[in-house]
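Two separate entries follow, structure 1 and structure 2, each one form of the same protein chain as structure tokens.
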Structure 1
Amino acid sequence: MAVDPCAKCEEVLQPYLDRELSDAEMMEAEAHLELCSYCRKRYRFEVNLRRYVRQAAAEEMPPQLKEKLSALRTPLL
């Protein structure tokens, strides 16, 4: 049975973006992405999603917590 190239591309999405693929696998994925807009859209989405998750998850530390942490310091003699 022939391997579905889009299924294969989906399988390597994460290692591709993490730069964990071998050169040969990288070239294979890029050749497919060049031709396939279905996979290309999903790869671009993943790049944006990772950036968005990082941004959306960024929460400032409450200032009163910072004060509490400072208060835990060893008192100077």
Structure 2
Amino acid sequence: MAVDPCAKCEEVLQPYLDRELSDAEMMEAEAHLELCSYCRKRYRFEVNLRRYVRQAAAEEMPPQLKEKLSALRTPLL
């Protein structure tokens, strides 16, 4: 049974972004991303999401927002 290249790309996308793949796997993923607009869009989405999360984590939360969020907490049972 042949492996769907998009399914394979989906499987290795996070390790690819984390630079955890071997050189051969990186080249295979890059070759697929060059040819496949759908997977390229997914890749760009993941890159932008990671950038957004890094920025959001670095920004200090205003004290008023912290208070509002604390008020919404429910106690653990």
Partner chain sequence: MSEITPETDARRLATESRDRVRFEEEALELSDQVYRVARHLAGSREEAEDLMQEAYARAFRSWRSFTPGTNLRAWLLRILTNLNIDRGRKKQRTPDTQPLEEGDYFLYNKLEESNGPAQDEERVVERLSQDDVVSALSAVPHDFRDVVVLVDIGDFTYADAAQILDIPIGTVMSRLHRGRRILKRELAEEAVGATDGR
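So that the term is clear: the rigid core is the largest set of C-alpha atoms that superpose within 1.5 Å between two forms. As the structure is a prediction and not an experimental result, all values here were calculated from the model. One-based numbering along structure 1's sequence throughout.
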Original post:
Which of the two shown corresponds to the form predicted alone?
Top reply: 2
Subject >> Threshold 2 Å Cα movement between structure 1 and structure 2 at residue 10, rigid core reference >> reply: no
**OP:** Superpose on the rigid core, then tell me if the C-alpha of residue 25 is displaced by 2 angstroms or more between structure 1 and structure 2.
**Re:** no
Subject >> Core-referenced Cα shift (Å), residue 64, between structure 1 and structure 2 >> reply: 11.4
